[in-house]
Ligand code: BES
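Have a look below at one chain only, the form predicted on its own, in structure tokens format.
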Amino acid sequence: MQIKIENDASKSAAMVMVVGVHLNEALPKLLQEVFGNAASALDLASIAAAARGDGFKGKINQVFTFPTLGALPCKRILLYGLGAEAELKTVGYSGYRKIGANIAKRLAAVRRATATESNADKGASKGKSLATAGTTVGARSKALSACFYLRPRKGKATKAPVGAAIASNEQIVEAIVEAFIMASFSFEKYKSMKEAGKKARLENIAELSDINLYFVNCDKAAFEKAVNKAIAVGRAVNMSRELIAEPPAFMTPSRLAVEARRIAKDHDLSVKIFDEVQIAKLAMGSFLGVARGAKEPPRFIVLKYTAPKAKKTVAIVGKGVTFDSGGLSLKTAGGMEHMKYDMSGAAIVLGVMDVIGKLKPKVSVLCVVPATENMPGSAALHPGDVLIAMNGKTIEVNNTDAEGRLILADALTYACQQGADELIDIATLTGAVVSALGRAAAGIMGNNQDLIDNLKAAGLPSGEKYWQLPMFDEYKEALKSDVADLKNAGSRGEAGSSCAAMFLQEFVEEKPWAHMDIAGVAWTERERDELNKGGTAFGIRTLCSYLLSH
């Protein structure tokens, strides 16, 4: 996919010109605004009448398309309903994200309908490409070129929740492009078909990746910055979703390490991969306790981006359980079905490092991933075992299925010892957070309210919602052990997410720290806007927004 800029909509030779229409907006006036004097070549009255006859009023997500029949260089005009103007200004980013995702799907249909048009992408090669995204797959027809007309916004954005308001065309472009790229995600690597069907499938995958997008009415410098960020984040989200989608027999701890090395090589980041012998030398007894029941060897993955003259280092720690059987505290068959997604935290922080390596913020970032399987092998951890964590604290294991906090404990200690000034961990940690918040929001906890508030605000533009759960001192009582410093699982069925966070707090050395429990939002069973079924990579956009704001 190529993203470019044009200055005059009337001269665009794109296959499709996408024009947003507000509710009950007068089409003749709008098209004259978009195309200037060139609009006189169109039969505006007939177009307006046809749209009315088709029921098009500019309601949200309504679409009406018509050919220009040579009256304009573009081949078709796609009128896209934006809903009431005041409402769109209020919802801000979320509205434009939905627009970007839905337009991506509409354009896929338009591409199929117009694939045989001659010289459909005549203007696609004009202009210098600012950035590219997507993968070239197989042979296909020429690329669809689409132009988005953006009306200049005047004055400040309507008051909206912190982090949600849209203030400029460039921010609109960022929201649309990011969602457009995410909506193009498709993981069909393991589907087998006959050759004809395979070719059709490959062409279908290409429909959203082989599109030239043009925007008009944008400041070039601001546009380029917005597009580069949107592409970097959108591609990182899709990369992380691909890691989550891979079968656990393939996406092992060793394979995660390979992906980390690739990211480090691509962006000149420092990388360290510790094997089980080196992990033992680091005295990570809590991490190794979980790993010992698996045939697959664990890996402790460290990536580092060092910003020139950085004032602080932020550590991002991602849970990397590449498959979670529950260990000897075995899950049910249904509970195990999607447990390849238990490495979502790892996939997310690796995706974040891909963005950080490309966009190079002013803050240094340390990425830490403890990667292992949690399996019931002959050497598996027993309920009742006592582990010695890297910071010397002893842990009685009363539930081997509460393994995420065990591996994160040593990872947080390591990050502290490496001089991190601020800690953020992200993990599919507890089923309790699903009971508390469902699939609508992630739980967030920590010891620093400013950090928590900043992360919540950073998630708003992307629609990644967080709800802060309490960390009352009373929850410490549930972690008391008769034989060790603490036990890994608190009172069963009571404040499970908060108790897990209280456990993690024992390993952060009182440094500013936030914990993001994404168990309920890291996987979805249905398509929604820019998200497809499967892993969501929830959290990448929040962390990128937060880190890039420094």
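We number the residues from 1 along the sequence you see. The model shown is predicted, which means the values in this text are computed figures rather than measured ones.
This protein has a second form, the form predicted together with the named molecule, left out of what is shown; the following refers to that one.
A.B. asks: Of 22-30, 488-496, 50-58, 501-509, which is the one stretch near the named molecule in the model of the complex, taking non-hydrogen atoms within 4.5 angstroms as near?
C.D. replies: Selected stretch: 488-496.
A.B. asks: Examine Glu464 and determine whether its closest non-hydrogen atom to the named molecule in the model of the complex is within 4.5 angstroms.
C.D. replies: No, no contact at 4.5 Å.
A.B. asks: Answer with yes or no whether Asn391 is in contact with the named molecule in the model of the complex, where contact means some heavy atom within 4.5 Å.
C.D. replies: Result no; Asn391 lies far from the named molecule in the model of the complex.
A.B. asks: If you check in the model of the complex, is Glu178 within 4.5 Å of the named molecule, heavy atoms only?
C.D. replies: Contact with the named molecule, no.
A.B. asks: Is Gly431 a contact residue for the named molecule in the model of the complex, using a 4.5 Å heavy atom cut-off?
C.D. replies: Answer yes; at least one heavy atom of Gly431 falls within 4.5 Å of the named molecule in the model of the complex.
A.B. asks: Only one of Ala264, Ile301, Val227, Ala402 has a non-hydrogen atom within 4.5 angstroms of the named molecule in the model of the complex; which is it?
C.D. replies: It is Ala402.
A.B. asks: Only one of Arg292, Lys331, Arg76, Arg255 comes within 4.5 Å of the named molecule in the model of the complex by heavy atoms, so just point that one out.
C.D. replies: Exactly one listed residue reaches within 4.5 Å, namely Lys331.
A.B. asks: Using a 4.5 Å heavy atom cutoff, which residues in 518-541 contact the named molecule in the model of the complex? It's fine if the answer is none.
C.D. replies: Contacts from 518-541: just Ala519.
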